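One chain is shown next in structure tokens, namely the form predicted alone.
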């Protein structure tokens, strides 16, 4: 008589097999996102870094020059002036955006009559592309056929039509106004989400303890919104450093090249002068600056220990 023995895998082995299967399933789920990052970020980044080591004209033979392009950047006064203007613009526009977005977020945070209408009105410009918004404001700022200067002249507010784009200060603040109109609604939504995530119990407990609005804002709202503020700040700073559309479409770098941004100069070197290798080196330098600034912002707005 023959006895057939049946064996089963130990429980630990079954758990390991199940865990491995779940890991492979998880990898399959993230594979499309990883593929997108590799194809549209890592590979172009590697190609840009490689191009930056070459004298790479649009037509003709490319030659390897090592760090020659980076050495040339040190002597490029136009780039450093553009970087200086970009930093100035970034500081001013970021302060202006938050000065508008934060009060708007506080205003629309809680339900009240017409709150949804206010939220929609504030957010609506954010759905317009920067190129389209720049074309719109280019028309609005036109001295003859636009809206601002002709309307002010017809209303008797000014003696003659005034070209807002002819000198630096009016042109610069016109760009600031356009960007705030375009971006503040998006920043408002981010800040509003952070405000709504704060437990209402904390606010009520502070009110019972006698804390005023400013004390609650300083001790509760700001500490609990550090991550939200970090996100909004990084997005604002990164977008400002990479500013191009509004300065290219509305000002063309004028007046007298006073509004050349870093990205505008990279565009000029790459697609006007056709020095693709040098433009790639400028792009790598700007990327390093952007990453460094983002890390500094994250460090400054890091969550304090013991704060949940």
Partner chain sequence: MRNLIAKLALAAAVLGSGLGTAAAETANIWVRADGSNFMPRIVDAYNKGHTNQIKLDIIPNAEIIPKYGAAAAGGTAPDALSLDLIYTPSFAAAGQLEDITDWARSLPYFASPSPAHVKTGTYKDHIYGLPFSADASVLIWNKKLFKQAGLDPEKGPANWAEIAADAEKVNALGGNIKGFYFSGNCGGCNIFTFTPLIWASGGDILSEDGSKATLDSPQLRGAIDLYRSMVKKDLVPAGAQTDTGANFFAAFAAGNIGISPSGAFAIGALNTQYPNVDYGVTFLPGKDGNWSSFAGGDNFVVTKGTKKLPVVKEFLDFAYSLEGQTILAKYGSLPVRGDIAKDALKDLDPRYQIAAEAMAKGRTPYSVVFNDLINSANGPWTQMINEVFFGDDVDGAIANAQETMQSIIDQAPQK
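None of the values given here were measured: they were computed from a predicted structure. Residue numbers count along the first chain shown, from 1.
Omitted from view is the form predicted together with its partner chain, to which the following refers.
- At least one heavy atom of residue 160 is located within 4.5 Å of its partner chain in the predicted bound form.
- Remark: residue 218 does not count among the residues lining its partner chain in the predicted bound form, judged by a heavy atom distance of 4.5 Å or less.
- Though the partner is left out of this view, residue 67 does not reach within 4.5 Å of its partner chain in the predicted bound form, counting heavy atoms only.
- Proximity of residue 93 to its partner chain in the predicted bound form: non-hydrogen atoms within 4.5 Å are absent; the residue sits far from the partner.
- Judged by heavy atoms within 4.5 Å of its partner chain in the predicted bound form, the contact stretch among the candidates 233-241, 206-214, 164-172, 84-92 is 164-172.
- For the residues 177, 198, 100, 143, the 4.5 Å heavy atom test against its partner chain in the predicted bound form is passed only by 143.
- In the predicted bound form, the residues of 37-59 lying within 4.5 Å of its partner chain by at least one heavy atom are, in order, 58, 59.
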